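Given as structure tokens, the chain that follows is alone and in the form predicted on its own.
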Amino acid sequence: MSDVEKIPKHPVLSWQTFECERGESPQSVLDAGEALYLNRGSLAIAFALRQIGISCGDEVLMPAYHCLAMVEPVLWAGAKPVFYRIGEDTSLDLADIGCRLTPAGRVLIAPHYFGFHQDMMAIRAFCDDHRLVLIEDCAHAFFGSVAGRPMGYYGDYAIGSAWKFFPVDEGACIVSSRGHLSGAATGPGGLFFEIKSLVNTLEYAVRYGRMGFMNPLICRILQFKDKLWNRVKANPGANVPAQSGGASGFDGNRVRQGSSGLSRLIMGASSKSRIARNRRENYSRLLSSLGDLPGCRPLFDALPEDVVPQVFPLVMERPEEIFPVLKAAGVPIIRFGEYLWEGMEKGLCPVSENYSRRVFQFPCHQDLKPEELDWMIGRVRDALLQKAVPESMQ
């Protein structure tokens, strides 16, 4: 089975990244309030928990449909994760949350799945009524708005993930519209961290041929880097930075580590209108091309005007059969929530367990070329239509 993805799964740096804005820039989580730039989204959650003062014995309510990066910061803070149900449309089940509340409950984490927003006014009112601190998880929803307000506006804290929307190797932010970040500070990651961010960003761009006439020169530089790095690692006395972190890469020692200068530069200089426009156009194309195929259904069959999607999520009837076919063809597939926290009670939320296994997310980011999008659509259509034909007729 091939592990080589034929087209980029995530945004990739190119000269088009910095094109002039066309039309009005979309609202983003950075418009919601005071912001700090951090290294990863999971660290931003940990940063928020530290600001809140979460400690041993406290409870943090979070959805049963989650990634490990959402759970690990809670455990790092010494708190207990309490999982709640979601609906078929990924909306938070506030009635279920209410049933799970105890006097120890202090925080509610509310994610906007795949860029499609929750009913934040209802969630905000619920948190106010129950004296819960609200962390609005905008890792999938850097751009967009709810009732005219930017993503992240309703949370006491909001977190955003830069690399899901910008062509960067790392980066996240924590934002507060309520001024809870006053006095908070981050620290630099160091020279090696800055160089690593630059090299990884360029390597990804070169892999998919996005740097034009600069591609051959950058390739030679990267080849020299590889040789030099191999020599350093071969030296017994070399001080090679160690890899650390849990299953998701979370490392509590880096909670206050800031994002790289390159990531902040690219985030600031990128055309936001291009990001929103291309993502919406690509999502619409995927929806019209794949939405009526046998053996699947789109998780969201409409694209509201205030949504800038992260990905195109498709619910598969027979994921175990489709996944290896697409993987072997080099189709990039994202599996959010593929691994749920092992400590969560089985059967607590059938929707979450179902989506964990059956929802495949396909890229719709701004840097997909039209021919790449066409190629991916063709491979997905072929796989689904082939599996829809009885074996006796194949």
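Keep in mind it's a predicted model, so treat the numbers as computed, not measured. Start at 1 with the first residue shown and count on from there.
Although not depicted, the form predicted together with a small molecule is the subject of the following passage.
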The one residue among 270, 260, 282, 161 placing a heavy atom within 4.5 Å of the small molecule in the model of the complex is 161
Which residue among 60, 46, 70, 359 has a heavy atom within 4.5 angstroms of the small molecule in the model of the complex?
70
Tell me which stretch of 119-127, 260-268, 134-142, 209-217 has a heavy atom within 4.5 angstroms of the small molecule in the model of the complex.
134-142
With the partner left out of view, is residue 363 within 4.5 angstroms of the small molecule in the model of the complex by any non-hydrogen atom?
no
Residue 336 within 4.5 Å of the small molecule in the model of the complex, heavy atoms:
yes
